[in-house]
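Below you will find one chain, with nothing else, as structure tokens; this is the form predicted alone, and questions on how it binds or moves follow later.
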């Protein structure tokens, strides 16, 4: 169970230190980790190195992942961060294709596919986001949207697999109509996603399905279903370290 905290453009060094201080007081991290529950923290890029160093200093079993990466390896791309830079910092993976990147910064499915290919070439775990708008769901186009967003990425995943890559890939279903609205998809919606991925791309694609979209520490346990949901991508709720602890406590007591 992968629990990804996407901090977006929030937190600074003092807030990160306080956050980790709270998490460090919990004594069950090693047990939770050995039972398959992993906390993944995704800070703004300027704090990746600081967070990674603080986690090592506290000997916490957390992963650090980037929120984005450039679709090019190197060059004159002012303001961008490359896959090799992430690797140099000891980052474990990267979130790709988040709806905010698509909507606010014009990222296309082709951009997401190119970034996924680069991430896999450097053994960085891609967390690939996809999902439909409310209009697309109401018009019954949501399954076509999923296929359109995933197909070019899956093509790159298959190429990487053929070249010998064993780096896992996670697919974060984040319905745009749920993000920041307080509305959460039902388990039936997530089952539909998993079934669609299996039908179109095969079982290997549906494995590693995460859910994101107005997730709270209380709603997590309701949406857990073995064989369907393999984790969560959480935004605002996981800016609160106490909420993270409550979520792990709820999940690990889930039957």
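This is a predicted model, so every value here is computed, not measured. Positions refer to the first chain, counted from 1.
Not pictured, yet referred to below: the form predicted together with a small molecule.
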Report whether the minimum heavy atom distance between residue 100 and the small molecule in the predicted complex is within 4.5 Å.
yes
Counting only non-hydrogen atoms and a 4.5 angstroms cut-off, does residue 193 reach the small molecule in the predicted complex?
no
Verify the contact flag for residue 215: yes if a non-hydrogen atom of it lies within 4.5 Å of a non-hydrogen atom of the small molecule in the predicted complex, no if not.
yes
Does any heavy atom of residue 233 come within 4.5 Å of a heavy atom of the small molecule in the predicted complex?
yes
If we test each of 152, 90, 168, 180 for a heavy atom within 4.5 Å of the small molecule in the predicted complex, the one that passes is 180
Proximity to the small molecule in the predicted complex (heavy atom, within 4.5 Å), stretch among 70-78, 170-178, 115-123, 131-139
170-178
